[in-house]
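Encoded as structure tokens, the following chain is the form predicted on its own, with no partner shown.
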């Protein structure tokens, strides 16, 4: 058990050590200053602008920025949809896989364009190499870059005074992709290949089993088909871009997608790397790095205890098994605890840490099956999603979501002392708070409304594998994942059907773009305002008091909104588990 906490401590130490250097580098990129790669990538950047007819120095209002973003993302949805529907006619399909159904193609296209990467299919048996590379991998870059661009626009809105523009979407998109996501992905992909993660255009390999067996019908099985493909390149950006879509069906639990303890460490580190570093980037962009550190501290204040709870819940194991005399104590001979659904090569600590990281960061990839976690262990990743994906969250999107809670915190604090709320010198008035309310309330409405619909109709209940509290948890988890653009699955719920593909696809669309539009509107509104000098009554937004207040806002909204639903699922399931 001590080794488990050492592993977790090392993870946080490495993560925090990388925040400042990467955050500083990203700030240089968004400020248009030399970052060290300009000589190599500068000509490529300028060539892309000329090809697209974009003027680098021409800025946009928030409405122009929004329209460009929405049209570009719509084009991405159409391209991925088309690739799936016609993949049987396209090249790089060595397995001769057929076209996907229209409802699955819609769900998958929306999923990857919205940075959700919910997967209702098994990649190795459903999608061709071309669809995985040209469709999914490209969207992994572009959907992540979209969230990063929105955060950069919001930061400009906070520091600019009496202007109408918040930057240029095309410039922010290109710089995010070219200078940040692409170099990091190349480095990580090479590291993953060195650990045995596959990267090939070769077809699946059939190999002879060392120990032949029989199938469910009693027929002899002497060979096994091992799926291959260009996996490492997609895995690198799926983690760095907080996308999470696995090349193989079981995601990063697959040995060819996550082969060793080092590859596991690199992948889980990559999930939080950019979201954490973005806090420092934000501080640099607004001219006060203390603001960025305060937001990072807010994230850690909520996240670290939940990681501890998840690990402890899994390490304590199943009390019902203890009653039967099963030894669940960790020792040199066994990991102990609840190992159901976990890979032996990862163990409990690495699996629980990944579960918390992937759901805090809007990533959604898995190295263990969350459906097999204990009730409290499964509650942690579920609630991290339900907090709005603002505890780290997606690249860019998590931080601009947390900033909305920060605006709510200063607004409430201002009302308490009878002073007009201010954040970084900008007055926060009713217009901003109405938009902030949309950002905060839309995901819970989608999650709870979608869950209610799913459990109320036959089509929603038909594919629940475990009726009762756990079955309700399966449905609630699926809607929490789609409604917060996470993409992880509890498993056990059959979702590759018209009902769930349509419902979850709509949830992903609403939760992505009905949040981006209000955030950009807030950026435009703040950019038009004059900065007010700080006075004696100004609430400092970099102090422990403000950190605690913002964290309290996140937890309070999450608790008031979702505890009643959680009480019907994992909470009552835990009570049943410990009942004598």
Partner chain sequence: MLRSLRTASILFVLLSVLTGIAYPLLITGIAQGLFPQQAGGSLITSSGGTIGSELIGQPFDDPRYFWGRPSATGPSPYNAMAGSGSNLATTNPALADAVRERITHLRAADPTNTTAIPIDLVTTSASGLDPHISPAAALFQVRRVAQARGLDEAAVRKLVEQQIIGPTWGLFGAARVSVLRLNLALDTMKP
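Numbering follows the first chain given and starts at 1. Note that the coordinates shown come from a computational prediction; the quantities given were computed from them, not determined experimentally.
Beyond the structure shown, there is the form predicted together with the partner chain, which is absent from this document and is the topic of what follows.
Inset, instruction - Select from the listed residues 85, 156, 284, 254 the one whose heavy atoms reach within 4.5 Å of the partner chain in the predicted bound form. - result: Checking each option against the partner chain in the predicted bound form, the one that comes within 4.5 Å is 254.
Legend entry - Contacting member of 316, 420, 225, 497, with respect to the partner chain in the predicted bound form [4.5 Å, heavy atom]: By the 4.5 Å heavy-atom cutoff, the listed residue in contact is 225.
Inset, instruction - Select, from the options 73 to 81, 295 to 303, 382 to 390, 499 to 507, the stretch whose residues sit within 4.5 angstroms of the partner chain in the predicted bound form by heavy atom distance. - result: Heavy atoms within 4.5 Å of the partner chain in the predicted bound form occur in 73 to 81.
Legend entry - Partner contact for residue 119 in the predicted bound form: the partner chain, 4.5 angstroms, heavy atom: Because no heavy atom of residue 119 falls inside 4.5 Å of the partner chain in the predicted bound form, the answer is no.
Inset, instruction - Answer with yes or no whether residue 346 is in contact with the partner chain in the predicted bound form, where contact means some heavy atom within 4.5 Å. - result: Looking in the predicted bound form, residue contacts with the partner chain include residue 346, since a heavy atom lies within 4.5 Å.
Inset, instruction - Indicate whether residue 39 is a 4.5 Å heavy atom neighbour of the partner chain in the predicted bound form. - result: No, residue 39 is distant from the partner.
Inset, instruction - Please check if residue 33 has a heavy atom lying within 4.5 Å of any heavy atom of the partner chain in the predicted bound form. - result: Contact with the partner chain, no.
Inset, instruction - Pull the contact list for 318 to 348: residues with a heavy atom within 4.5 Å of the partner chain in the predicted bound form, in sequence order. - result: Sequence-ordered list: 318, 320, 321, 324, 325, 326, 327, 328, 332, 333, 334, 335, 336, 337, 338, 339, 340, 341, 342, 343, 344, 345, 346, 347.
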